[in-house]
Ligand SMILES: NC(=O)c1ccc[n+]([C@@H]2O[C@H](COP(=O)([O-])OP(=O)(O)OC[C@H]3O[C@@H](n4cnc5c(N)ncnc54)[C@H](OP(=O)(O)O)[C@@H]3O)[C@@H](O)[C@H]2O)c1
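The chain below stands alone and is given in structure tokens; this is the form predicted on its own.
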Amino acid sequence: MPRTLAITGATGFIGAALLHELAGGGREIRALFRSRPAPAADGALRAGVEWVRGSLDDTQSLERLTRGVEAVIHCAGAVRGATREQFDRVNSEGVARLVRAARQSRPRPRFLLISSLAAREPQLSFYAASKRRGEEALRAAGEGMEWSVLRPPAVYGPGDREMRPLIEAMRRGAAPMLGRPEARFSMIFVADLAAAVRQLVDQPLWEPGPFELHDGHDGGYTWRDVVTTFARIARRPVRPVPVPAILLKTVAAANQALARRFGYAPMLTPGKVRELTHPDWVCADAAFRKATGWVPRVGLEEGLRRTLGSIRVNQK
């Protein structure tokens, strides 16, 4: 088991779950952050976490982050943007810089890239293409290092700001249906993803992957599966509201044009619409299970229950 780990993206949704899963147990963790002051650590994380201020653009901070560690877990990434350059600067070029910094350490650490299932379909969007290029950057720059890649599907759970608007809409009794009715997609609860990372990190040997993983529901879900499950948890009817693709495309195009003019990073873009309306985001996790022995613990109903419960608690 690696005793010293470097983590990027530790202040984000997935990164915070990784930090909670990996901190303690004799491990020492070095975590990259950009904000001032350093992130506050809760009671479980006060010991064994060293915060390193910097960014993926700052070679010196990356060298400080990776110096002397046994494994690097790269979780940071850009999910918003209007141009290829905005995504590539973080998701591709940032990976290459971090790998080069890690290569300076002796002995060289293992390197785990938390990519995205979107990398499977790079033609869909700037984001998807940048995640694929990030994997390729690791493959090219990581020669002589032991490395691996995870491609999680839709990740959800307490603290997920991206899924919260959908949860709030369903609480009010209406569920926007953003994709095709027949489209299927896999999901994974954030704590299960964090446990999968720990399971991989603790393996004596790594296989490169890329590995897909999901919550154990083979064949994925449809939007109606999610809506039906949520309605059962909330004990109230939830009405599916199909959102026409032409409306999504129109709003996305306008949003991207405004973002380029005024300089903000949008979430809804034409590329994101192509991702949302893609018919097949179903994962196959047999290879990852065989390589690590990992088994997911949280199914959709329990995961949505915990997510909804966290929102209710925070609103009190």
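The structure displayed is predicted, hence computed values, not measured ones. Numbers for residues come from their place in the sequence shown, where the first is 1.
There is also a form predicted together with this ligand; it is not shown, and the following applies to it.
Contact annotation for Ser115: at least one heavy atom lies within 4.5 Å of this ligand in the model of the complex. Residue contact check for Ala31: none of its heavy atoms lie within 4.5 Å of this ligand in the model of the complex.
Contact annotation for Phe189: none of its heavy atoms lies within 4.5 Å of this ligand in the model of the complex. With a 4.5 Å cutoff on heavy atoms, Gly12 counts as touching this ligand in the model of the complex.
Put simply, of Met145, Val155, Ala96, Val201 only one has a heavy atom within 4.5 Å of this ligand in the model of the complex, and it is Val155. This chain lacks the partner; the member of Tyr221, Tyr127, Phe211, Phe111 within 4.5 angstroms of this ligand in the model of the complex by a non-hydrogen atom is Tyr127. Exactly one of the stretches 23-31, 50-58, 274-282, 246-254 approaches this ligand in the model of the complex with heavy atoms within 4.5 Å, and it is 50-58.
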